[in-house]
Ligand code: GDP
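First, one chain by itself: the form predicted on its own, in structure tokens.
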């Protein structure tokens, strides 16, 4: 059996959680392979809304196992809050949720460092979610980090204090910020005690044994491909590899184990926080997209920047990820638009290109748009892809042709049932 991958092709917030939830019954295991509590996967079913930050989106499917892989960074406080929400929803997770021992821990001082560092940057802020993600990955690559498996060690407290001391010395270079470290530490250790009660596993062996047993595994990505630490809009990126390659390091599997790669894209485009966004709209059309799409971050609540779909950007991430099929989300948000645009190329000086330049931050470019007619009707009654309005199908056919990858799913609403599967 191979591991199928589901990930975002834009700057995050593509609707991955809903697609994972839909696909989950086809799998035995859903595994998160990177990122941390800066992710926010939203699922809506039975009239209720759930937002997951660390736990894989397959947790709501009974009998499905879920693994938080070693590429994830875990804040025990955030994780404990999610577990409490699951208990309130009467979701049984104790025998279905597994945590890789090699996953790194976010300490309270990581969050404090994140806040102090971002505050000191002033106008140069990168738009951090202030969850301590960056400092945690820095300790990981700097070989100073604490891992989940360390909480089983007899000298865990001493290891914690040593890393805290390092952080306190680093904090001396920054202006002070408002942060009650003593209170946060008390919460953190209480939540570490809850983490100890979960099923801790050697993630790479867990996945290998599952594959050998013929289990079907879905690897769930967080954030989006344009936030990849290597291939995203650096330095306005996250601290992990958000592309397919991250599955291999984030779960401990070989490249030949990768099967289908399902890329998720909105029918338009959004971004949260700072950084380049070629098709961003600053006019009332952008405001209308935000209003129609309810575009506010699931993790931060920040309003998302909105724009038309960017085909050069999508071709780039499809190439990086080896995408084999596309899921287009939030098509219904475009219901109210008379015309819809798609950027087909970039104009850079006197040259048109369909490639993403080395440095989107510094490159002065103008998107070249193609205009398509809207459909100005609700898609709610479309029970099948073929029942969509002709203009909607024309737009989707254009995306499929331009991107060179088949569209397999189209989301026409936030609910679990509002998903059209294209045969």
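These numbers were taken from a predicted model, which means no experiment stands behind them. Positions refer to the first chain, counted from 1.
What comes next is about the form predicted together with this ligand, which does not appear here.
- Using a 4.5 angstroms threshold between heavy atoms, residue 21 stays clear of this ligand in the predicted bound form.
- At the 4.5 Å threshold, heavy atoms of residue 41 reach this ligand in the predicted bound form.
- Using a 4.5 Å cutoff between non-hydrogen atoms, residue 204 does not count as a contact of this ligand in the predicted bound form.
- Although the partner is absent from this view, residue 332 contacts this ligand in the predicted bound form, with a non-hydrogen atom inside 4.5 angstroms.
- Proximity to this ligand in the predicted bound form, defined as a heavy atom within 4.5 Å, holds among 147, 164, 341, 304 only for 304.
- Segments offered: 178-186, 100-108, 154-162, 332-340. Contacting this ligand in the predicted bound form at heavy atom distances within 4.5 Å is 332-340.
- In the predicted bound form, this ligand lies beyond 4.5 angstroms of every heavy atom of every residue of 159-197.
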